[in-house]
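For reference, the chain that follows is the form predicted alone, supplied as structure tokens.
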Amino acid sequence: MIPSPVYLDAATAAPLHPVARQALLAALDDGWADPDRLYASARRARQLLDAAREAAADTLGVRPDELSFTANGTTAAHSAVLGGLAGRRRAGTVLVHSAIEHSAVLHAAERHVAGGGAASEVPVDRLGRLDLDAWSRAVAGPGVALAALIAASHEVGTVQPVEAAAAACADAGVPLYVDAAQTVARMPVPAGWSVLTASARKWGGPPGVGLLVVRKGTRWESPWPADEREAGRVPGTVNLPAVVAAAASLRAAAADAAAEAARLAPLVDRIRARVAAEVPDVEVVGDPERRLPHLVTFSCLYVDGEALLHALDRRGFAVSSGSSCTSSTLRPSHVLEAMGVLSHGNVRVSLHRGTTEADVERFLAELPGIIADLRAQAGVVGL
């Protein structure tokens, strides 16, 4: 008998929100035309696009003309970093970023360095918290064009001191880019940033939609070939039905965020406590207090991460392991390495609006036996 599936990887992609599904189906009928044309169906498409932009901007507390839709969160992150650096090329060529940024930000940094720029990496502690003193020194250094800080770690859930980091940037006259993929529609948007990005599939919107927000007055220049769409920030026609669904689900998820956090945080607390108590030689990582309400990560000695994922999958549990966007490389997570914590047998569990207490209890009931079986197969017994 095949176990019923339990999806526990919302940090990668949350299940489609019912509001997103409803909006997507409606927009497929009304939003197929090019919103930049002048005929009736195009004007209807323009109305849908403008309404989606206004709804998303209102939810984030920004101006509609500051917000652009992108093809995905990765494109938004690349645009934020490379555009922020291009707009400030006269100020300098140094990008300051934390050691635990998403791989999309790090890849953009690599491109910048390969083109003759420089990058300065700021460390974190064992809980994944930014070293604010080191950050302040770095952004105050000569030739800094842009600083980048993830709002909350996508791997371990630690929430970063964005507003304090932003204050240090303001003192140094350096704009701050915040990757808010894991916090938008889950937590309030912090203050003090100049550029912000998010990804619709993280809050239950459809895949293929990212958000790029550039505050008025920020020196930012599109790194892409010239295009008149999306205020010249992002090339190409947007996927309008997906954009409409993303904006509708963003509003719905943000409205429920406080209640969902209050429901999910105790379930995460339970996972943190029970895993530490019931599984030998395990390390639960990330800040136990300043963290995302829906995400928990732990690492197990004497267990291969990929084997553990497959074993959990056979029991119906969908989770992720190691670096969420680099696991295919079979390299240890750069986030866990930067924290100096155990990276063997790493599992990230992330809950969503459909996760039940019964799902969590079933996971906790089966996990110790699954890990014990894998260790026994590897010849590790008696723990």
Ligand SMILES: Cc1ncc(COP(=O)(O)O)c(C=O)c1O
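Only a predicted model underlies this, so the values are computations on that prediction, with no experimental measurement involved. Note that residue numbering follows the sequence shown and begins at 1.
Unshown form predicted together with this ligand; subsequent notes refer to it.
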item: Option from 300 to 308, 91 to 99, 177 to 185, 260 to 268 whose residues, in the predicted bound form, bring a heavy atom within 4.5 Å of this ligand; value: 177 to 185
item: Selected contact from His112, Arg291, Arg233, Arg201, since only one has a non-hydrogen atom within 4.5 angstroms of this ligand in the predicted bound form; value: Arg201
item: Contacting member of Val81, Val139, Ile150, Ala242, with respect to this ligand in the predicted bound form [4.5 Å, heavy atom]; value: Ile150
item: Any non-hydrogen atom of Gly157 within 4.5 angstroms of this ligand in the predicted bound form; value: no
item: Interface membership of Gly73, this ligand in the predicted bound form, 4.5 Å heavy atom rule; value: yes
